[in-house]
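Heads up, the chain below is alone and in the form predicted on its own; it's given as structure tokens.
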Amino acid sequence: MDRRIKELLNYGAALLEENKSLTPRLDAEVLMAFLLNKERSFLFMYPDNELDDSIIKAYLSLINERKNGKPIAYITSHQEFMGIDFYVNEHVLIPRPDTEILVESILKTVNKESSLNILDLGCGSGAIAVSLAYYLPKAFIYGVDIEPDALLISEKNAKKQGLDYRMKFILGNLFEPLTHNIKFDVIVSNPPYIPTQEIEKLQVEVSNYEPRAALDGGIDGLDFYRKIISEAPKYIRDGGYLFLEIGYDQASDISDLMSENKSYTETEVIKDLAGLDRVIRAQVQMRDER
């Protein structure tokens, strides 16, 4: 086998293409750069560098993992989100670009210089919570998750960014570990919202590798929305906000759930860059308006 970087990249990309990878060349390059601990630009600058047998063997092993459907982020343990590098593994959902719309919507709504209390329900990798702490320098962020392994990853990512002094991660199911005397300016969640029967129809890298508990929203995908929408007003300050990421076809149903709860006002659906419904923002009414 040719030992040069460019030929190994060609070989790796061809193997991935045979397996119908959506981005075979990119995946081959990312895995090579990860293995060599270099930027991808290194591969283009030194395409004729030869690699030793141990590196070649390790590279082909990574290509095989990817060929079998394992997501790049789980292979490399890294995923960028909001311009921040996050550690991830199979215990947490991989942060996605679409979820940046959720974070950006909060940043556009709140006063960035205010001392805000924010709660992230189902914090997973901590991508949302850590990003908010990163871009809101006076905010204190709480993260709740039912999975202990997920909380460890959230804490790891908070410490990695030096933000753990303004963050607290709590083990529990949604609002259960909280007391009613704590109030938040913002509650945010990207809850599981895939209908149970739809999970097996997703891409293999999602259905076979990402944690099902972070995907499964029940029979109609709305189980967690019902709980969050019902309970959130007890924990949001008057005039505060609830932000929820939603599936592309769920805006109407979730808006109806909010309309049924008289605590919310000014409900707005926010679209992603593809023009699909992605986020719902709702404000909790002032007490004297109820």
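The first residue of the sequence shown is number 1, and the count goes up from there. Since the structure is predicted, the reported quantities are computational estimates derived from the model, not experimental observations.
Keep in mind the form predicted in complex with a small molecule is missing from the figure; the text below concerns it.
Exercise. Counting only heavy atoms and a 4.5 Å cutoff, which of 189 to 197, 80 to 88, 150 to 158, 102 to 110 contacts the small molecule in the predicted complex?
Worked result: Result for this chain: 189 to 197.
For this session: Please pick, from 215, 174, 170, 75, the one residue with any non-hydrogen atom lying within 4.5 angstroms of the small molecule in the predicted complex.
Result: Partner contact (heavy atom, 4.5 Å) among the options: 215.
Exercise. Taking the small molecule in the predicted complex as the reference, which of 116, 93, 144, 133 has a non-hydrogen atom within 4.5 Å?
Worked result: Going through each option in turn, the one that passes is 93.
Exercise. Could you tell me if residue 178 has a non-hydrogen atom within 4.5 Å of the small molecule in the predicted complex?
Worked result: Contact check for residue 178: no, nothing within 4.5 Å of the small molecule in the predicted complex.
Exercise. With a 4.5 Å heavy atom cut-off, would you call residue 245 a contact of the small molecule in the predicted complex?
Worked result: Yes, residue 245 sits close enough to the small molecule in the predicted complex that at least one of its heavy atoms falls within 4.5 Å.
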